[in-house]
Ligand SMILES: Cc1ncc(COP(=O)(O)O)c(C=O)c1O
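Read the single chain below, which is given as structure tokens and is the form predicted on its own.
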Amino acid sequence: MSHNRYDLKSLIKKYDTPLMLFDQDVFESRLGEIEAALGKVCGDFRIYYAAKAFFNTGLGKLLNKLGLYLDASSYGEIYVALKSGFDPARINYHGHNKKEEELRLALKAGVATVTVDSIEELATIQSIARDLGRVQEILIRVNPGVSVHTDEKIRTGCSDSKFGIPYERIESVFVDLKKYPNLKFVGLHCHVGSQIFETAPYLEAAQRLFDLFLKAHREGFPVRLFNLGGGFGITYKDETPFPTEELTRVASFVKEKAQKSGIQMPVLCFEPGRFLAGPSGTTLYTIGTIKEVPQRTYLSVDGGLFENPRPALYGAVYDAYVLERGPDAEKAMSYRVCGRTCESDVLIPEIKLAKARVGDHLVVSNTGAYNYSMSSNYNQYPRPAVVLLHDGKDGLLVAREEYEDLTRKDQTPDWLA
């Protein structure tokens, strides 16, 4: 976010800490970069926002306003989208191991497409679509067998993955599809992983997907959607973000393949989540205990594992600065930034900051993706508020949880009453 456009101390006074800020202008700017890169080559393309990164009804309204499509990986995400007024005709139902009742709810809601993650799913969707008297459009998720240089926990396109149907088995799926009259095969999908900074994996995946795209046409399926997933890397500490202009290169690669094959350019689709949401988010903390031990100095903030589990899950790192000293102050001290839960709870293992004092505030950048969506009530801490920023204005996207919310769903069995 552009910190100089907002008085962060006033926002802290108004909303308290820990506090997540979500900058709509940054979100729209990042979206514009993708649209500009694809628009140089593609007459028709689709950008699906990956709801798993961060989503609620307010964001659903923003996505609707921006004309985005939605990639929902659960029925819960579909439910939230519908509550926000999002058009189901622009929703793709994704996800692994979907339950039959969830698929039925999604089809009843009128989702445009379902991305099939396993061969067994075909028969289930066929049965539900037949019961509902409709023809359901589907994409087939291909596991392309593409390895990428990213954390093992966020690789999804290598051969040893729970996601998608193995590349080698897709042609048999084309044969199976002819048995299902209530399914309309409209596209292919793959996703190589998250935090990808190189173009090569996308080009390799595009090549493999296009080979199957051609085979689908030869089998009599005029598929049109060519979905290469998301995973564009963003800066957390020192990384150089994925260059969006490289999407022009990927689109040109697909267009050239189509022209040489004598088929119409497919509708190129991408599913950015982190790339849009991550840089849009900033988290503000109040600094509490500052404790020196022989090995280092611990700086504790009023958040932690309950509102940002990513460092504990896969070693995510962040950049930060002390608000009272400013982002350009000399970084004279080394700290380990920790949260307040009953775990080691390291948010930033080692960072140079200006000298901090108890009661100061820490500003942590690029927290918009997977922080709030993975948050919990561990140690019975209420989740923080999320505030939307736009054109100098601020307003709540998510209200801060109160202690009463922690027991709202509790029940007492008869024998304990």
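Every value quoted in this text rests on a predicted model; they were computed, and no experiment measured them. Counting begins at 1, following the sequence as shown.
Beyond what is shown, the protein has a form predicted together with the named molecule; the following relates to that form.
Undergrad: Any of the heavy atoms of Tyr93 lying within 4.5 Å of the named molecule in the predicted bound form?
TA: Looking in the predicted bound form, residue contacts with the named molecule do not include Tyr93, since no heavy atom lies within 4.5 Å.
Undergrad: Please tell me whether any heavy atom belonging to Tyr285 falls inside 4.5 Å of a heavy atom of the named molecule, as the geometry stands in the predicted bound form.
TA: No, Tyr285 sits far enough from the named molecule in the predicted bound form that none of its heavy atoms falls within 4.5 Å.
Undergrad: Can you work out whether Phe55 and the named molecule are in contact in the predicted bound form, taking contact to mean some heavy atom pair no more than 4.5 Å apart?
TA: Phe55 lies outside the contact set for the named molecule.
Undergrad: Closest heavy atom of Lys98 to the named molecule in the predicted bound form, within 4.5 Å or not?
TA: No, no contact at 4.5 Å.
Undergrad: Name the single residue among Ser300, Gln136, Asn143, Gln195 that comes within 4.5 Å of the named molecule in the predicted bound form, judging by heavy atoms.
TA: That would be Gln195.
Undergrad: Could you tell me which stretch in 328 to 336, 305 to 313, 227 to 235, 83 to 91 has residues with non-hydrogen atoms within 4.5 Å of the named molecule in the predicted bound form?
TA: Heavy atoms within 4.5 Å of the named molecule in the predicted bound form occur in 227 to 235.
Undergrad: Can you tell me which bits of 63 to 93 touch the named molecule in the predicted bound form, meaning any heavy atom within 4.5 Å?
TA: If the 4.5 Å heavy-atom criterion is applied to the named molecule in the predicted bound form, 63 to 93 yields only Asp71.
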